[in-house]
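So this first bit is one chain, no partners, the form predicted alone, shown in structure tokens.
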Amino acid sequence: MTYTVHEIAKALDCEAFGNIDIVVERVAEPASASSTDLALLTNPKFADGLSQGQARVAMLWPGADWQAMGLEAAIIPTRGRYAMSGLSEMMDLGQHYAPGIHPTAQIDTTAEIGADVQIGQFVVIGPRARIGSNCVIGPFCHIGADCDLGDDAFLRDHVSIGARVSIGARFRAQPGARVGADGMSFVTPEESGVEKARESLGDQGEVHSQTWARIHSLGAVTIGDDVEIGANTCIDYGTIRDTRIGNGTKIDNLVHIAHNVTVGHDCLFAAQSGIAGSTVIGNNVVFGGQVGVTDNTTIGDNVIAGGGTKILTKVAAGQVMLGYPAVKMDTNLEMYKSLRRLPRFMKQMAELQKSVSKRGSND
């Protein structure tokens, strides 16, 4: 898969300079780029790496002096990181799944399969499932009964989609993603110690052995258009109503979204985030890695939570949160600074107490 500098610049709506007929075979970091690579150098702080490689052409930051760098050509985007989106799409070699439907695939006779699909080895598609046009379903995937998968979906290997799940167009799922597991919902015949502790904020009363009874998941999962979920991410069924993921939301690896959760449009959740049951997440919410959200709470639109944040209460729209428990980021930083000063303060306090005690004994 090769392109000229001119073809790349035109596709990305960027400016091109120098010998625009140079052919590019792949994208590389500056220090490891060969003469047929496009060096990716959109941040000037990494410019020193260019002299260590053999690149003739690079994608640079606006205003960069490409000729002074010894390059024969340059591509200059307005926003380098955004240009990477289109560039990476052009240069992606893909997974090389074979066209058509593999003979080992097990497709129920009542399933509806759209035009121009690719279905890999040992795929199982259940009764009355509906697969849209131009879908790619990798090896060992399972799509349950009455599932609806929209057009242009791309499922890597070992993706599991449970019965009754509804997914919009252009869905992408990485290996091992699971959509439609039963929610963790159990109940005891009598009021449980957990319920008592929650009401009293710590006291579970007299302790008794308890047996847990399953509450079955009668709801499903509804996912909008242009959603992506990462490897080994799990999205649970709703208990009665559906768990919902809005259009354009992107979910990283190892994320858990529990039963009855509602996630808005264009959210971004990094790896190992966990959202407990019946929580409502607004639009354009961003979670760093290992963010945790308690159950039955609400996160407003445009909230950002830094890595490791644990959200235990409602968060208003537009807040930037950090810490455990979550507070505004500037408050958390002040708290951290104070915590670091604490040993010094304690030492000063001990010296002060010693001085006062000595003075009292002299009196």
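Heads up, when I say rigid core I mean the largest set of C-alphas that superpose within 1.5 Å between the two forms. One-based numbering along the sequence shown. The model shown is predicted, which means the values in this text are computed figures rather than measured ones.
Beyond what is shown, the protein has a form predicted in complex with a further copy of the same chain; the following relates to that form.
- This chain is drawn without a further copy of the same chain; in the predicted complex, the residue among 264, 162, 132, 168 with a heavy atom within 4.5 Å of it is 162.
- Contact with a further copy of the same chain in the predicted complex, defined as a heavy atom within 4.5 Å, holds for exactly one of 31, 64, 47, 27, namely 27.
- Interface residue remark: residue 308 is counted as part of the site for a further copy of the same chain in the predicted complex, having a heavy atom within 4.5 Å.
- Under a 4.5 angstroms non-hydrogen atom cutoff, a further copy of the same chain in the predicted complex lacks residue 43 among its neighbouring residues.
- Under a 4.5 angstroms non-hydrogen atom cutoff, a further copy of the same chain in the predicted complex has residue 318 among its neighbouring residues.
- In the predicted complex, at least one heavy atom of residue 339 sits within 4.5 Å of a heavy atom of a further copy of the same chain.
- Taking a 4.5 Å heavy atom cutoff to a further copy of the same chain in the predicted complex, the contacting residues in 73-88 are 79, 81, 82, 84, 85, 88.
- In the core-superposed comparison between the shown form and the other one, the C-alpha atom of residue 10 has shifted by less than 2 angstroms.
- A displacement of less than 2 angstroms separates the C-alpha positions of residue 23 between the shown form and the other one, with the rigid core held in common.
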